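Here we start with a single chain on its own, the form predicted on its own, put down as structure tokens.
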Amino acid sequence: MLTIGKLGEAAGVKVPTIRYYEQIGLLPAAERSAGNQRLYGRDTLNRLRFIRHSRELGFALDDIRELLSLSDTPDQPCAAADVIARRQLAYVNRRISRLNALREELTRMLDQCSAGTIANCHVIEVLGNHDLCAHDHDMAGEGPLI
């Protein structure tokens, strides 16, 4: 059995995240020691690693919940899991397209800058007037670009 700290270390997840996953039902409630310390078994570690890897691939928590539910019934066809993965792939492809357009716009903006003074700076001009952009690169709702 692993304590919450050891579980986090083994899965590469912070303790508050483990508690949050328990709270929202992605992880089962921990067993407790006589001293009321959370204790976790190998199954929980594997489940936490599954969640972490899914998050690294960009899956939303609701999709992970559904994938975990599917993994709990291993004899069923994997078509439902494929649907979720295809939806994530489509999202990633849309995001890549938007990021490519963003890169092109930034490159164009910099290429047209004469490196003079701020009064004549094309970068400042374009940032102040979206109509000067060549692409629609609105990424509202996409979250931070990290």
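Counting begins at 1, following the sequence as shown. Fair warning: this is a prediction, and the values are worked out from it, not measured in the lab.
There is another form of this protein, the form predicted together with another copy of the chain, and it is not shown here; the text below is about that form.
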Self-check item: Contacting member of 124, 15, 24, 10, with respect to another copy of the chain in the predicted bound form [4.5 Å, heavy atom]
Solution: 124
Exercise. Look up in the predicted bound form whether residue 92 has a non-hydrogen atom within 4.5 angstroms of another copy of the chain, and give yes or no.
Key: yes
Quiz item: According to a 4.5 angstroms non-hydrogen atom cut-off, is residue 119 in contact with another copy of the chain in the predicted bound form?
Solution: yes
Exercise. May I ask you to check whether residue 37 falls inside a 4.5 Å heavy atom distance of another copy of the chain in the predicted bound form?
Key: no
Quiz item: Would residue 43 sit within 4.5 Å of another copy of the chain in the predicted bound form, counting heavy atoms only?
Solution: no
Practice problem: Go through 104-121 residue by residue and record those having a heavy atom within 4.5 Å of another copy of the chain in the predicted bound form; state none if no residue qualifies. | Solution: 105, 106, 107, 109, 110, 113, 115, 116, 117, 118, 119, 121
